[in-house]
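Consider the single chain below, provided in structure tokens and representing the form predicted alone.
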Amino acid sequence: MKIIGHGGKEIVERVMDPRQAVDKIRGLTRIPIRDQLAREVVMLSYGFFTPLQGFMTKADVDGVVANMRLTDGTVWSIPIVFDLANEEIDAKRIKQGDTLLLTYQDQPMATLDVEEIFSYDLQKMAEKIYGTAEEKHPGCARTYKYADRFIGGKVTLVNPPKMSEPFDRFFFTPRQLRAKIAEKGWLRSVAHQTRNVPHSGHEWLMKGSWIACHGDLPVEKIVTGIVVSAVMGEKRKGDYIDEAIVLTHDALRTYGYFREDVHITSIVLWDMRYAGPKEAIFHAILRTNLGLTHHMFGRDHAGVGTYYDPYDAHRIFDTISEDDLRIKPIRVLAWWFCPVCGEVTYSGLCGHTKERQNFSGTVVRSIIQDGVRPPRIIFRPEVFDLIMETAEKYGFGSPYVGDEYLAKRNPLFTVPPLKL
């Protein structure tokens, strides 16, 4: 049965059985790829990036940069490109029409059919996608690190990766997550994008969005769910370790803060671009392909520094018609702790603006670093205890990414040996 994703296009899995792939990939030119590209190969191959089935050609990049659309008119906001140095292209005599073997962790991983080799104005790309050309913007910095040229073409996974523990419990392809949603009987489902462990502000963000999503549906039977969609990608020092993020979010369900029948924790492989409104559109596309019907967008979604207004990621959806996006945005203001109300409350309702206490990253970090259980109004005790446990088990003593974690952590996934 066909499964339809973003743009009304069929979700296609480009995944080959390794036993059948051996003869087809023998003798192909090998290209080792870095972590980011390996993650994007996985996402492309399983249909997370539908309608893309591979890395973009120049025409598609032009369309995305100029007017946020692919050549067929489908809305798309972030270039998905494969870069390669001139020296390697020349040394390996790579040309249009070739098929390349992409290797990762010294193992064959996927093939790339070379449809086009092209160069691009990186400053123009940065300015149009991020609204700035400043190198201190992390998205611009990533763009300026691209190699000399790009290769556009379809990819096929020939050696599917094995997800590492504990991520194996939370990785669902679009087909798998859609099946899980159907199994739960959900008619509506709302995505919570996250790179953080959940404090009570996050919890109420999800609960408020669930109420908004459930809306006019009958209450006798629950047919609406929350899908935590944790972003797993490049880590910077000071980020939360990935294991803490997924395990603490799952703990909210385990300990009953969300009912078993309304909550799923999942992961996606993506290196954040911090593109603010443009990345909000991309996140909506991604969760459309995962089968979700709604997506919550809070304050400063996918933003960084002062490059975007806190609610630019809300406003961009006013420029996109409902026909172009098959998912509804839920636009959310801030949740804060109000000492007058004596509870976590919503900034759209609470009038004690002078007394408010925001859930700032600095305050939350100081609470965690103290290692002493805070009031449950800030952190659920089970969640806080699990943060401490994951710090010892996975984080070399800290729930935050440090040099040792970067050097020694278990990878998100491994590519098994494949003998040619």
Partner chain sequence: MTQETYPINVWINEERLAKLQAVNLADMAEEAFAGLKVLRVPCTEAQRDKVLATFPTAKYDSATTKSIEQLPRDVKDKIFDAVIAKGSLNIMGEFLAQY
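A quick note: this is a predicted structure, and the numbers were derived from the prediction, not measured. Residue numbers count along the first chain shown, from 1.
Missing here is the form predicted together with its partner chain; even so, the following discussion is about that form.
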query: Any non-hydrogen atom of residue 394 within 4.5 angstroms of its partner chain in the model of the complex; finding: no
query: Partner proximity in the model of the complex: residue 337 to its partner chain, non-hydrogen atom cutoff 4.5 Å; finding: yes
query: Distance check, residue 352 to its partner chain in the model of the complex, heavy atom within 4.5 Å; finding: no
query: 4.5 angstroms heavy atom contact with its partner chain in the model of the complex for residue 374; finding: yes
query: Residue stretch of 352-360, 28-36, 60-68, 44-52 approaching its partner chain in the model of the complex, non-hydrogen atom distance within 4.5 Å; finding: 352-360
